[in-house]
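Here you'll find one protein chain in two forms, each presented separately as structure tokens under the names structure 1 and structure 2.
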Structure 1
Amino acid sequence: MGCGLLATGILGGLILVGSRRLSHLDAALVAYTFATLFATFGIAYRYAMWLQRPPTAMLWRRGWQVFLRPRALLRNLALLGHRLLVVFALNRFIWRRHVARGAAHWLIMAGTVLAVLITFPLVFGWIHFEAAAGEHGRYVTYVFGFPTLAFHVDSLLAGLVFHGLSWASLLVIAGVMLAMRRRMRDRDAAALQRFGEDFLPLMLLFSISVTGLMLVVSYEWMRGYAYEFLSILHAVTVITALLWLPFGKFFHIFQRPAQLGAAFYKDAGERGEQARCARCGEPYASLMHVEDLIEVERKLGYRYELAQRADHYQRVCPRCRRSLLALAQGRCFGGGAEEV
């Protein structure tokens, strides 16, 4: 709970400082702010609990250890940049599975990231716009209370900035449609999918995007017709998603970066000393991995110690494990077998 309170306190402090003591905080967006603070507490609390699990704790510790090794630090930094681009930005691992699946994942990710980069600074009061003094139709962008970029209301930049959420919504809707199509037509996906883990996230993203676009339509082309109702409906969908964020499938967004640590751990294992099978003497895995796996299993209460040549089952290669199984079955049937 301490981690959750700490993360919430840090975010609250940043909101207080960035909005110049709440002077630039939009009162209409206060509900979003409190929902975000709750989500921050839930995410930090669940992440801290997740890190306490022995496998995750081992991966977290080893990932940082191998990444920060002085001799490999420069190489690891270069690999980190490459993997951030290829694995996270381009989602290569999803594209390899299927083009449509990769497109759906990338569209949802791009639209969501764009919306987050626009929405949260505005909600927290970190960014706001003011009309330039003495210049009609010209606006100045204030970041943390400091004037930065100025642009005319009729410029291309203004259209991109003021309608950035509309572009994000269109990207998300396209991605959701591709994902829903797969879930309704792919038999493999249909056999494994669950409502709370597969359909509900897509429905929330779709609802947020559609209601956001309806607000734009109401304001731009319908003279504000039903704007108040649509704004409340949009707020309900967004706040629901924020409150559900720490508990549902969206939490994997925060777990996913651990894959980077696993990749560096794997690299270090391949370059390091290899474990040799206690039965046949052949190398079969990273020695560091085997030792860590034994430690994690013991912390979880699993005991696989052996009384024969190997002191632990994990020190036997997969091929010899299959041989040991066949030998044990032979003994059971009275056929006799060689000593392990």
Structure 2
Amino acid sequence: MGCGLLATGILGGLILVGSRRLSHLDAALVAYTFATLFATFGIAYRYAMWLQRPPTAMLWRRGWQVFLRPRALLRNLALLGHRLLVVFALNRFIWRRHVARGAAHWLIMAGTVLAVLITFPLVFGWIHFEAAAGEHGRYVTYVFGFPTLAFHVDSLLAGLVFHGLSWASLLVIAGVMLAMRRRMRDRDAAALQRFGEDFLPLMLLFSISVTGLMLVVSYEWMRGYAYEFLSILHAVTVITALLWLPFGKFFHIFQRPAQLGAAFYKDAGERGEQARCARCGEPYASLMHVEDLIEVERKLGYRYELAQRADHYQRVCPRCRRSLLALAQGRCFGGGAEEV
């Protein structure tokens, strides 16, 4: 609860500072601002609860420990840049799973990130545009109240900036179409998908994008026909998605950076001492990982302690565990599995 309030308080403070005490806050966007503050509270609260689970707490602690080790820090920073590019920006691991899956995810991600980068600074009053004094048709971009980029209203840059959300919508719609196609055709998707987990997020993204584009169509080509209704409809879709952020599939956006911690943890494990199986004597994992899992399992209430051969079942490699089941079954028939 404290984490949620703290995060919400920090964002509220940044809104006050960035909008110059709300003087640049767009009154038409206040509903979005409050929905974002609620989402921030929910996300921070759920994240803090998630970090309290024993395996998550262990990975969080170990991930930072191995990342910040002075001897490995430079290498880790270089690896961090590489991983941010290939894992987060390019989604290489999802493209490897399937081209259509990779394309769908990348398009949705790119469109959403673009929309977020445009929408939130506008909603918080961090960015606003003003006509340049004495220069007809020229606009100045103010960031946190400071004048920055200026451009003419008819320039290519103006077209790109003012229609940024339209480009984002088109990317998201293309991604949603690909994802929906897979969900409606593939037998694995048919067996495993759930409405709330898999269809609802796609429907939300689609409705946000389409209603946003309808606003553009209304004011560009239909002289503002039904604009007020459309703007309320669009706000409803966006606010629903914001309120749902902490609870549904979208929360994976905030969990996903843990993948970086896991990667650095594995790197450190590979360079460190290896655990050898108590049965076959072969190395099978990093000793750090095995010791950490023993601690996590104890905290979770599992009692895999052994009386002989090793102190804990975690010290037997997965391959030997598979053989042991057959041997145990064989014992019931009066001998080892190989003797039956």
Partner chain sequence: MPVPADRHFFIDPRRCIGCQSCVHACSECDTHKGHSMIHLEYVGRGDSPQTVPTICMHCDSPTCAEVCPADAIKRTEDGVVQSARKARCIACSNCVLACPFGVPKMNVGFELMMKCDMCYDRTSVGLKPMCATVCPSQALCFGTEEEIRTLRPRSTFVHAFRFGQQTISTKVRVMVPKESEVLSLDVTAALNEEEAKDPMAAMFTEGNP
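For numbering, take structure 1's sequence and count from 1. Note that this is a predicted model, so its numbers are computed, not measured. In this text, rigid core is short for the largest set of C-alphas that superpose within 1.5 Å between two forms.
**Student:** Look at both copies of the chain and name the one that is the form predicted on its own.
**Tutor:** Answer is structure 1, the other one does not fit.
**Student:** Taking the rigid core as the reference frame, is the Cα of Gly9 displaced by 2 Å or more between structure 1 and structure 2?
**Tutor:** It does not reach a 2 Å shift.
**Student:** Could you check how much the CA of Leu325 shifts between structure 1 and structure 2 after a rigid core fit, in angstrom?
**Tutor:** Its C-alpha moves by 3.1 Å once the cores are overlaid.
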